[in-house]
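To begin, one chain is listed below as structure tokens, in the form predicted on its own.
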């Protein structure tokens, strides 16, 4: 992988690639949600508010509905994300929107993702004697199957995170996209397919680092960030603290 991917030169760092490509899933006039421990999707939603010439409703796990925060917190659950809100939502309100078919887009985390777009946030290893016990399904187990579209992200693109077989199936259903530091996947005919790859990576590299087989017809290098996207992310993270905290793994 060349230095451009790590941000030493070029338009994309691994961090900006993930945040900007998450933002590109946001659509006009929709309801979009970002959850707990989700700083990169939080930034993506705030970026979309600044960079794109359309309206959408942004709800976050802190309860804010189209908030106007006085600062961008490092935690995606910080109460500052409710400042200036049109309304305040509780957890049951998020779930209610989803189960009634009214949540258009949810950003939901995952430790493992397979080629069917199913996720594992329960354990690594055998359930009865796991190597790692993960937080569990929580909202994702409700929201992934019921949201119209769900998108996840991984800060590491590897065969241990993008897997052929999940160690545990926590949730399945509405997965629409996956973003990593070097690739963007979308779902087509029941499976994840490659939509684009980092211009400084390659299709062969993406295949080599992905545990499941995928189709790549129609895929191409990801278009660079627009001036509006670049300016919005710079304004949201002027000191690079989010990028440093993200700990993007390129290898």
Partner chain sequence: MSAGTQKIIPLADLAARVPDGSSLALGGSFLHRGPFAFVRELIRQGRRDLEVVKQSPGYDIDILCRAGALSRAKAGIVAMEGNFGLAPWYRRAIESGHVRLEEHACASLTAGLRAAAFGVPFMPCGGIHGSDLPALNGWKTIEDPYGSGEAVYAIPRIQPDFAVIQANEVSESGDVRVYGTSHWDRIMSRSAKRVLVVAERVAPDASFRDQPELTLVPHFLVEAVSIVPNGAWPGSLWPDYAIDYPAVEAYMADDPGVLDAHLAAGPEAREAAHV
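Keep in mind that what you see is a predicted model, and the values were worked out from it rather than measured. Positions refer to the first chain, counted from 1.
Note that the form predicted together with its partner chain isn't included here; everything after this is about it.
- A single residue from the set 62, 201, 195, 40 has any heavy atom within 4.5 angstroms of its partner chain in the model of the complex; that residue is 62.
- You can rule out all but one of 219-227, 183-191, 203-211, 52-60: in the model of the complex, only 52-60 has residues with a heavy atom within 4.5 Å of its partner chain.
- Contact check for residue 165: no non-hydrogen atom falls within 4.5 Å of its partner chain in the model of the complex.
- Although the partner is absent here, residue 115 lies well away from its partner chain in the model of the complex, with no heavy atom inside 4.5 Å.
- Proximity of residue 85 to its partner chain in the model of the complex falls within the 4.5 Å heavy atom cutoff.
- Proximity of residue 159 to its partner chain in the model of the complex: non-hydrogen atoms within 4.5 Å are absent; the residue sits far from the partner.
- Shown here without its partner chain, the chain has 132, 133, 134, 135, 136, 137, 138, 139, 141, 142, 145, 146 in 132-161 lying with a heavy atom within 4.5 Å of that partner in the model of the complex.
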